[in-house]
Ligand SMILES: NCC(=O)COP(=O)(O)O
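Take a look at this single chain in structure tokens; it is the form predicted alone.
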């Protein structure tokens, strides 16, 4: 099955937050994305609310429940008490745990699974008791021991951090090296029983090679590149373009 597309709404929220106005509408563009074929919506509600605001979460949950119940809500963030309370209040289908410092501009590395074994084990256990699917942000490093620890936490998936791969848009040789590392990491994860997501700086140009190297890729979460393309092609057509880049017949 081709990878599913989850549209990350953070860049849309960031544009809205430049003014004290309700546009562009996060839920409005989310609805267009779902209507065009996206399989879900992703948000990263950071503590300073510089992108998604906490007040956005209930409307997004309602949009999915009321109009697109076959799609999914994915909430990602660092597992502090505030984030976990938001998760338990808004009940996403998937929770993606990332090792972000609040001062980071964006997610830029995966978990050190050795260092954070106990933390992640406790948090994943709490989330799994509440029925959430859990994904852990992981570097494209084919480290069997580290990925084994990720599996031991009880997580269902890893999300491959594809930022370095996306950054090779002008260096195809380096891109091929990083693509193979991502592929090897995904192969190990699958052998261990972990499903594989991916996200960060993915585009219509670099996504087909990733999907070809990781044919069992479950989901991609894309925000910045997709939002940039939406300025040129419109949200609906951009979603269709990204779905086709995943290998979907749409």
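Since the structure is predicted, the reported quantities are computational estimates derived from the model, not experimental observations. Positions refer to the first chain, counted from 1.
From this point on, the text means the form predicted together with this ligand, which you will not see here.
Mapping the unseen interface onto this chain, residue 190 falls outside it, with no heavy atom inside 4.5 Å of this ligand in the predicted complex. Within 4.5 Å of any heavy atom of this ligand in the predicted complex lies no heavy atom of residue 186.
At the 4.5 Å threshold, heavy atoms of residue 61 stay clear of this ligand in the predicted complex, well away from it. Using a 4.5 angstroms threshold between heavy atoms, residue 213 stays clear of this ligand in the predicted complex. Residue in contact with this ligand in the predicted complex (any heavy atom within 4.5 Å), chosen from 182, 217, 38, 222: 222. Within 4.5 angstroms of this ligand in the predicted complex, the stretch 142 to 168 places a non-hydrogen atom from 159 alone.
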